[in-house]
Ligand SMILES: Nc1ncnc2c1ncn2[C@@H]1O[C@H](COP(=O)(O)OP(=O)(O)OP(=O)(O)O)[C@@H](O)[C@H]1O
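Here you get one chain, nothing else, as structure tokens; it is the form predicted alone.
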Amino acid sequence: MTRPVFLTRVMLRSYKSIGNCDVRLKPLTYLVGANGSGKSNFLDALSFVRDALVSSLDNALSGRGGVAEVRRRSSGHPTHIGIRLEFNLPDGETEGYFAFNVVALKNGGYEVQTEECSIGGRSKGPYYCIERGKLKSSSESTFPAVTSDRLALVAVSGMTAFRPVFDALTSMSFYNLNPKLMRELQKPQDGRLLKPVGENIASVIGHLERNAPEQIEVIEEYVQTVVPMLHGFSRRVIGPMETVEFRQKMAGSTHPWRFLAQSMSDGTLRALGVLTALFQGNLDYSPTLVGIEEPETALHPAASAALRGALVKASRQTQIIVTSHSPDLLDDSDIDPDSLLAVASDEGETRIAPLDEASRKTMRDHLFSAGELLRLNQLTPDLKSLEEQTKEFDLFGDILA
């Protein structure tokens, strides 16, 4: 059974290098652009929402250097952070949106100026609107106390009506894997979800071995395709610590040799981390969305086809967003041009839009693959879409489309 796309539309205003952004997402979306173009800031905006709900808005801002570092400055004047996420809940039948903007105060502080959440439309389902810490309207007869320095969705997550939105948004996961940390011995941790840089991968593999062995089989299949010499892997306990043990075929040996993670290459560890992030979903826990920074890093170009296949397979169960500037990863004539978002930097401002019509037609007619167009520097944002984004758009209200 294929799960519905979770995030259908993302609207951003003044988030780091992103001035204005209004894009639609697919089950698998590639953010493609040069280094420094701002691809990571798009993923970070989604991660910011998750972090603000899981911990607090203050922690989410301070962990990124404070509101002054998160908000974008335009022509020397400060601007306000705005985010709107339109979604389909995992039940596949309910759509809605969650939106808020954060205003910087003169004393260096901040406040949530407006926050709205609507499920199924104001005339159809639960909704609320908060302005500067005060409830303006709601479908619910009772409502918890809220303050202007926190997102109200945290407080209302205890209400049955809004809990599914909170759970779905906090189930997004984002990864920029670090082989150095994956290589070290690790303390046993909660293995239901892989952490952002992969520092608990041994616990995750152990959890999957116990609860979802079929997922381990899928990961092993792709790992062996990416790294043909590998025979398998498993969690290995060493005293009070744990790590990943790899089995590798060696010429002249009847049985595979065993190597701990500390002996493996960056490429092998990153491949395992990426594949674990993609296929970690199981009955115990399943992310609504997985975002991965440059999954092809440290992999041989020949492994790109296997990685691309893994991304496609995983996207049937979990929405996937990846950033990339790799022609090899995109070198497939079957890639849907609608799954690509081109990212470019214009005088320090990140612009994100679908591909221009010429590139889309070229791909649809199978004249060039996305990878070949990238090598030719022909994967560019559609100018009409960019022009539309420069116009004032409303983050709030029932404008689902």
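Residue numbers here begin at 1 and follow the sequence given. Keep in mind that this is a model prediction, so the values were computed, not measured.
A second form of this protein, the form predicted in complex with the ligand, is not displayed here; the remarks below concern that form.
Student: In the predicted complex, which of the stretches 329 to 337, 363 to 371, 33 to 41, 52 to 60 has residues with heavy atoms within 4.5 Å of the ligand?
Tutor: Within 4.5 Å of the partner lies stretch 33 to 41.
Student: Taking 4.5 angstroms as the cut-off for heavy atoms, does R13 touch the ligand in the predicted complex?
Tutor: Outside the cut-off, so no.
Student: I'd like to know whether E294 contacts the ligand in the predicted complex, with contact meaning heavy atoms within 4.5 angstroms.
Tutor: Output for E294 is yes: heavy atoms within 4.5 Å of the ligand.
Student: Closest heavy atom of R71 to the ligand in the predicted complex, within 4.5 Å or not?
Tutor: So R71 counts as contacting the ligand.
Student: Would you please decide whether H80 lies within 4.5 angstroms of the ligand in the predicted complex, comparing each non-hydrogen atom pair?
Tutor: No - in the predicted complex, heavy atoms of H80 and the ligand never come within 4.5 Å of each other.
Student: Scan R247, H325, K195, R236 and let me know which has any heavy atom within 4.5 Å of the ligand in the predicted complex.
Tutor: Checking each option against the ligand in the predicted complex, the one that comes within 4.5 Å is H325.
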